[in-house]
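We begin with a single chain expressed as structure tokens, specifically the form predicted alone.
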């Protein structure tokens, strides 16, 4: 009976990462009924990802200072009276209602308030050979190593841009993988732009020094102004072609050199996961620095939709410290709406301070438009539909360079991932306009790939 698959709560939270857990802890401590929905097998999200229950590899992966806060957050969360539903994919929503699939069954969560904290996903920039087995995103490598204790290979290169590179390198080193090179596409001088916004943030400085020590201890040198040009191999990656890029990210082909590897991690930043927010009707904006669209929130994490709040990466890429601070703030804003209690000034200030430091980092590592020149005519740019760059550009020339027009012209972005992989780069590649603001994602139900039976048997609102 569908009535048996309906949950009731005061607050429904999507995402059990740092933002979702922080919000849940505050709300549960205040006595509210809280249900948290997350696709992972345990709480923690991408940043504080936990190994499966019963794993004997716990403690083997080196952790930066921020993870000490993560352990405390997880301990409080585990002891709270929060209802956590793992393996839950939210596929439809409206204010006060969240439909999700768990273990093949269709469920409905009815709640008065919703806190959106779904995090982000990897930004992919296609290059020749990026579809070979053994070539993974930085996030996927961390899932393998931190989330499942899997050693992905023996010799690796990590390339891309932004702070996500360093956690990937240290995770691989802890797993016993030899990191041949760590390539940061941005220049050292471009990164220095972040210093004024970070100098007053002790947590971020401590994190930076920790990563620097880890790389120094392992003998890994971060090469600024370098990236991966392509990968080669028979059945899986065996070689990586690397080289220097100019200030805009354009490959300097004359500097190319080949390195033998069996693992390549490519991390060109993150994209806010805003699809659920858009479906609920929340206002969004193109985030400065080209990180993608993010939800618009007020000074206390309220979205434009009544009783819907958002925190963490969905409001703009920021990292664990921002997510936790905004999760706390969103929770206090919910308590204000429910009980009229004032939002603590200190909580509001901390969220604003952490977001300011994160925005400075984001501007320093904004996507380089020249990196879109890595792809060649026969490079696959949409993996789901096997669309090449030449096909996508032909579609854009014929139908127009909007995201919808490109989809109509060649089906790029119409596969199971719903353009989450190719979408952030598709228009820049197909329309040859790497600096333009990307169109909003085309959102439709189901928001995530679920069984047709799940939709048919969905509990009524």
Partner chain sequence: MTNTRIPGLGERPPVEFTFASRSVVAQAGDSIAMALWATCDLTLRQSSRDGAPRGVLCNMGICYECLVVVDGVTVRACTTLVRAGMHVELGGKP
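Keep in mind that this is a model prediction, so the values were computed, not measured. Positions refer to the first chain, counted from 1.
Quick note: we don't show the form predicted together with its partner chain, though the next part is all about it.
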Taking any heavy atom pair closer than or equal to 4.5 Å as contact, tell me whether residue 411 reaches its partner chain in the predicted bound form. yes
So, residue 242 and its partner chain: in the predicted bound form, are they within 4.5 Å at any heavy atom pair? no
Evaluate residue 281 for contact with its partner chain in the predicted bound form, applying a 4.5 angstroms cut-off between non-hydrogen atoms, and reply yes or no. no
Classify residue 380 as contacting or not contacting its partner chain in the predicted bound form by the rule of any non-hydrogen atom within 4.5 angstroms, answering yes or no. yes
Exactly one listed stretch (147-155, 341-349, 315-323, 293-301) reaches within 4.5 angstroms of its partner chain in the predicted bound form by non-hydrogen atoms, and it is 147-155
From the list 134, 225, 370, 96, which entry has a heavy atom within 4.5 Å of its partner chain in the predicted bound form? 134
Going by its partner chain in the predicted bound form, which residues of 18-53 come within 4.5 Å of it through any heavy atom? 39, 41, 46, 49, 51, 52, 53
